[in-house]
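To begin, one chain is listed below as structure tokens, in the form predicted on its own.
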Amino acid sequence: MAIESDVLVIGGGLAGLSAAIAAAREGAHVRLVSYKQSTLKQASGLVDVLGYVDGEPVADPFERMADLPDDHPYRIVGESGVREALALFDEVTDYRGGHTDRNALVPTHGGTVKPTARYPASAAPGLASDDRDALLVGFETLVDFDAPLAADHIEAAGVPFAADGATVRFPGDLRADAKVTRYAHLLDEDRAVETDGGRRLPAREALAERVRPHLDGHERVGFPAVLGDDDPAGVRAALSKGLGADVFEVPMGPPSLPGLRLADRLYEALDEAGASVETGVPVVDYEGEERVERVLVDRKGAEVPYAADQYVLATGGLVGKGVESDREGVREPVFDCRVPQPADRYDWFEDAVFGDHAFARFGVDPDGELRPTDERGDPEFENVRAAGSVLGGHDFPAEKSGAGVSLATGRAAGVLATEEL
């Protein structure tokens, strides 16, 4: 007997979570299944809606959506669909940026300034639009963040403040290959660590003591995003008090603590909405023709049937393996939906590294209800909708639109699925 639900969401990233939360809030019995852990830990934790169009930075994403191609996912869900998705996101998280349509400018660990629509509360005091001078602090054992170099790059970007950088030893003398969670948990627990001179101090106080000689009047201090996992607000508050300056986090590359925190919050929201979740269970096959009747899920080598009235495909793009390629072509592996592609493989790429590569827009081609279509433009299945990076028609790395597309199409797919019940 199949495990049944109203809506089955396949994929546990931002699109799948958005679809599942939206459908559950509409009253559907929702189950989310995913093969791997959420890809959010590989993301910065920032929510980009639209940062660039034709290579030019975008101040107001909503003003520029009309300039996007007709097959762009934003043109399908419309401006209202994007706004509704962001409203849902704002409701279930503590992110900032909802007070304005305009992109915020958030400094990154590489010293660039990134336009983004929503950002963690921990990054708020570090915005590049703030004219207070900033000190960036790196750790000797965390080589991914060179604070003096990042400060130089940020100043060179033309920000309205002076930036300086300093590198200190992290209290507790962590190893060079320590995971970011080790830094975070040491600050969460705030247990005593040995400091210079052999004294023992709580970790937060010890860190403030090591940074204080470098403060030199700076009104805000930026650290790599490792300031706590369970109690990041408490860690920042203690450091702010100890330094007499606002403290913020600079988003880092993967693995990303802000991404992990965001995943935790969204899974909590999913649980609060009453949806079921299973991870580590890949969908390996399906049954049905015009409608998908059931999918087969691999559970420890056994193929278990899962049946639903509606399905949402949110398995990711080329990186997430929601779209696969080999020398024969490009395919969507779960339902074998069509992925439009140039017949000649040499047309997938441009010669220039940062050229307009066709492969960047590979994905299924949806109709107006986000159902993947065949060569004639008809839905592949009546009851399957796609969301997020598995959709084609957009170049999310170049546009900085990945999170926004995932939220907007995920929510829309979840709502449309419940309307069919």
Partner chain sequence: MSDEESNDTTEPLAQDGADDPDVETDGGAVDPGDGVGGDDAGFAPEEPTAGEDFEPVQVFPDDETMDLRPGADDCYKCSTCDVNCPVAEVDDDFPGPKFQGPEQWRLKQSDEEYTVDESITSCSNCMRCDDACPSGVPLSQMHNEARGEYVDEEMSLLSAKYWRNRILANYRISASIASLAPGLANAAMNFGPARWVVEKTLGVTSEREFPAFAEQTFREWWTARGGAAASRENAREARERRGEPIDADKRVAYFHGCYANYNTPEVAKALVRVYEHFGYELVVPEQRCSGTPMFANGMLSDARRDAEVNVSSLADLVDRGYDAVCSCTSCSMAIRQEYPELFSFEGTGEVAGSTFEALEYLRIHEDLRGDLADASVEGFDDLAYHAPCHARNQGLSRQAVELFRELDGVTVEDVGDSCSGISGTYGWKEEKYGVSMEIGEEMFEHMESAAGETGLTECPTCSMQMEHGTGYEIRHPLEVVEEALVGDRAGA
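Residue numbers count along the first chain shown, from 1. Treat the numbers as computed from the prediction; the structure is a model and nothing was measured.
Just so you know, the form predicted together with its partner chain exists too; it's not on screen, but the next bit is about it.
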property	result
is_contact(T112, its partner chain) in the predicted bound form, heavy atom dist at most 4.5 Å	no
Interface membership of L421, its partner chain in the predicted bound form, 4.5 Å heavy atom rule	no
Contact test in the predicted bound form: T373 vs its partner chain, heavy atoms, 4.5 Å	no
Its partner chain contact in the predicted bound form: F359, any heavy atom under 4.5 Å	no
Option touching its partner chain, based on a heavy atom within 4.5 Å in the predicted bound form, out of A157, V277, L201, V339	V277
Residue among H153, R210, R299, R75 with a heavy atom within 4.5 Å of its partner chain in the predicted bound form	R299
Segment that reaches its partner chain in the predicted bound form - one of 104-112, 120-128, 303-311, 79-87, heavy atoms within 4.5 Å	303-311
Within 4.5 Å of its partner chain in the predicted bound form, all of Y95, P148 and R220 (non-hydrogen atom)	no
Contact set, 248-269 vs its partner chain in the predicted bound form - heavy atom within 4.5 angstroms	P254, P255, L260
